[in-house]
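In the block that follows, a single chain appears as structure tokens, in the form predicted on its own.
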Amino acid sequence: MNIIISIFLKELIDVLRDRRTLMFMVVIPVLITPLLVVGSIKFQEYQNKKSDEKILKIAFINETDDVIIKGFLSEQKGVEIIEDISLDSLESGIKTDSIQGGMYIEKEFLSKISSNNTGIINIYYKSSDLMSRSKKRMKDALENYKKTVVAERLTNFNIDEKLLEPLDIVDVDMSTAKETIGKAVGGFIPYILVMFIFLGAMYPAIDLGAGEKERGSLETLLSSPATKFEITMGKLLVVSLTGLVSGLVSVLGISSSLFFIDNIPEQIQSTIMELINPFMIFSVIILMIPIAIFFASMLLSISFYARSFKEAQSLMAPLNMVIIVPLFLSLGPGMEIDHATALMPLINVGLLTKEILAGSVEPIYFIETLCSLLFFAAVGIKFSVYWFNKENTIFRV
């Protein structure tokens, strides 16, 4: 045990001297992650405000005497009505982006409306243009016109509008704010955690395996009194620790970004701060430890196999997709923690974290998930030790 600790301390000092490790373990999670979160939110707000304030040119072709629709359209914010334009020019204008939308009313429209039939109005737009804001503004204008026509018809037939509304549905949401927000952000937090655990463990793993091969220091370590098992465990503990620290620091960085977003409602902000409690932090750390060990064992195995630092990077790159897919599956609709999903690695972490943040986690699912993660961590350790014991792996040329 003393030898494992000695190797652990020696490798930890070497890793902490590596700038790339410190960059991925501390600098990116603490500084860059909050900047990305706050920056993306601010940029999205700017884009939404810019698109809302943009004046959209809407072509209006009316072959009837109706002026009500034009009035409703002109009331829409940020609309400039273009008249005296042909249908062909309207279509070509939208394709060339000189016009953002168009509305065409056929000759028979008023006669159909007056005879209590359905009138047809064609609206033209690009679904890729400003998130279809031109479509929304035209639809809003027509919805107002529709309400006017319906009210007039009901009056003509002496029908009370309440006859069309036989139900008064009252929504009663029994979820607390903590449950709602916990479910919403619960799938996002493990995604960030797991990705940064992987990134934080990747470069130390490469440096302690393929890096030592390139430097020629691995042979020196193998000639020491330490067994291959002790060497593997010492390196494994270092890589696991750096990955775990990177993941936890990333959450700290994201949490700190909340203080730089000024338009979060006070109730939501207080609820989020309530979610960050000792039980939640302790539970998530417990879940992250076996994940960090499993990632460390897999990354070290690849690093031991690789001939060089560059080859190790190339071999590890595809693992990103292996990690991302299960985490995305846990965000899917209808995905809930149960006895089956609790045994699925990474998926169980995403689902269980949502329950932990919502305050509705059941102990049996927590135990099943933890046992599943510990099993895979043990398999990873076993494989890593086996792989390091193979001479043709260590001295692969």
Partner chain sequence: MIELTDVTKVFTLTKDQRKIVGSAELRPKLFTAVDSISLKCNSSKVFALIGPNGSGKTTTLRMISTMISPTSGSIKINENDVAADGRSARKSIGFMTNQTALYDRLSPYEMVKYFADLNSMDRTVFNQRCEKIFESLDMNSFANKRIGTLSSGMKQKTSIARTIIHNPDIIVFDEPTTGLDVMTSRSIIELIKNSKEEKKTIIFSSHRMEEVQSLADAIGVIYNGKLIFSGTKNDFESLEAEPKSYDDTLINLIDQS
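Because the structure is predicted, anything quoted here is derived from the model rather than measured. Residue numbers count along the first chain shown, from 1.
This next part talks about the form predicted in complex with the partner chain, which is not shown.
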Contact segment among 191-199, 222-230, 116-124, 68-76, judged by heavy atoms lying within 4.5 Å of the partner chain in the model of the complex: 222-230
Interface membership of K382, the partner chain in the model of the complex, 4.5 Å heavy atom rule: no
Though only this chain appears here, would E214 touch the partner chain in the model of the complex if you measure heavy atom gaps against 4.5 Å? yes
Should the three residues I85, D140 and V149 be counted as contacting the partner chain in the model of the complex, with contact defined as a heavy atom within 4.5 Å for each? no
